[in-house]
Structures are given as structure tokens and as C-alpha cells.
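The data below hold one chain only, encoded as C-alpha cells and taken in the form predicted on its own.
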Amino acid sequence: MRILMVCLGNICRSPIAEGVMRHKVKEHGLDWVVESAGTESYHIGEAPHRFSQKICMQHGIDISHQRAAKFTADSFANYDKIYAMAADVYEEMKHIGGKHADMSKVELFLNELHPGKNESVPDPYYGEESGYLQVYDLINKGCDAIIKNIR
């Protein structure tokens, strides 16, 4: 199983999701590859946001080695399941994929936790550190739901 977590800039939500899911995959002994990307190229090559790193480290997950990458049309062919952190990200993925956009592989991340509600993980980028804890908690629960639902 190859999973891609996608947000806007790939420094806040999707790196947290990648780190949390990798941690859980290892705990469960699953043979899954988990990576992340962003639909925009603002931060390519950068480490996750300092608050993303801090909140993960507080939960025993080191994401400091991750670097922001760009979501491309090839991503549809390279992953089995792709999770969009928000509705605007989902729409941009369609645009980026063009004729290669296999949206049957794509799901809004929180639909695993709340099926059919089409909720977005809030973007904490412009907020305070406390917003990252809220995002971490949502992502942590979402990753548990993904493992339960896919297994």
C-alpha cells in the first residue's frame, strides 16, 4: 500500500499526517509506504513548519527530516491512496492531474473519520501554536480510522 498525504504547501498538515501515519504503520507492522506533498510550490525542499515539528516531537514522532515536495500528475500513478487535507486541495489535485487525474484514488482525509461529511482539516499556518495541536488531534484520529478502514 502506497499512501500520499496532500495539503497546500506541504509544511503543516500533510507532514504531520505523514509522520503520524508512518508511526502508526510501524506500530501495526504494516507494509505501507507513506509520503506527503503539496499542491503549491511555495516551500519545496523546506522542512515542516516549526510548530508541526514541535507538536509531533511532543508525541514522540520526529518529522524534522521530511522535506516539502510538489504534488504532480504522476502522483496518481505512484500511489494507491491519496488523501487531500481540504476541499480546495482536492480541487487543485484534479486540476494538476488533468487527464491523468484518477480521482477514484483520492479521498478527503477526514471522510475516513466522518464518512460523507467532506470536512477539511483546518490550515494552522497563520495561527497560533495551539492550532497545530488541534490539527494533530484530528490527524491522529484520522490515521487510526484509515488503518481500521483499510485493514
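Just count from 1 along the sequence shown to find any residue number. If you're wondering where the values come from, they're calculated on a predicted model, not measured in any experiment.
Omitted from view is the form predicted in complex with 4-nitrophenyl phosphate, to which the following refers.
Proximity of residue 7 to 4-nitrophenyl phosphate in the predicted complex falls within the 4.5 Å heavy atom cutoff. Using a 4.5 Å cutoff between non-hydrogen atoms, residue 123 counts as a contact of 4-nitrophenyl phosphate in the predicted complex. Within 4.5 Å of any heavy atom of 4-nitrophenyl phosphate in the predicted complex lies no heavy atom of residue 105. Although the partner is absent here, residue 21 sits far enough away that none of its heavy atoms falls within 4.5 Å of 4-nitrophenyl phosphate in the predicted complex. Residue heavy atoms within 4.5 Å of 4-nitrophenyl phosphate in the predicted complex occur in exactly one stretch of 35-43, 54-62, 112-120, 93-101, and that stretch is 35-43.
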